[in-house]
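In structure tokens, one chain follows: the form predicted on its own.
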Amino acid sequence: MKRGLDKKRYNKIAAFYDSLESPMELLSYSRWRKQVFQRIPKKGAILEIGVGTGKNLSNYHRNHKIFAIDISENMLQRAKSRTEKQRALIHLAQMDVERLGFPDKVFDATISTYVFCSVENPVKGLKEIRRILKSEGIAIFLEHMRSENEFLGKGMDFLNPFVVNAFGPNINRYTVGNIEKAGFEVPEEEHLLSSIFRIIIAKPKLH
């Protein structure tokens, strides 16, 4: 999906985005988010990519310094209303993950939840994450992607153009492979619902 269309779509649905996702949040998303946040460093500078309406913000601690970005200004407005209630220091900014406005090697960790199904050039965005991470930093992902079951995977390939046209996100991304292409190693990967939904822990490869 082209970035302009992506931004326009998320601006349009920002007001009712939480309502759209509430069934999945109740069934599993909320529980999986908590599992993700058990893996973040106890302190340090953290970049959240695709903060959306700010569903993750309550999980950060007072000793975290949080920078949270999103491509959609309307989503950020929703997230801003949540920052006032949080313990951590949170800075919000409108930014595209494919062009991050940060110096090299400044973050201890990055986190993204259900983001790389929508990034137009995911490997480019992942390379930007690797660039801004410290050498000992970690990148944490909660993502859905193409099933490793080939029959189901081919079905997802067939449906993907219709899903993208109707809703936006891709359902057949090879996200773990993309992470590795961007210069990461993946020491930990947890399958949450078959091989489609996963928590992925990645670290920059040291050359």
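What you see is a predicted model, and the numbers here were worked out from it, not measured in a lab. Sequential numbering from 1, following the sequence displayed.
The same protein also has a form predicted together with a small molecule, omitted here; what follows describes it.
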Contact at N149, T175 and R198 by the small molecule in the model of the complex, all three, heavy atom at most 4.5 Å | no
Decide whether F107 counts as a contact residue for the small molecule in the model of the complex under a heavy atom distance cut-off of 4.5 Å.
-> no
Proximity of H64 to the small molecule in the model of the complex, heavy atoms at 4.5 Å | no
Any chance L47 has a heavy atom within 4.5 Å of the small molecule in the model of the complex?
-> no
At the 4.5 Å heavy atom threshold, is I129 in contact with the small molecule in the model of the complex?
-> no
Only hit among I140, L57, M145, I69 for heavy atom within 4.5 Å of the small molecule in the model of the complex is I69
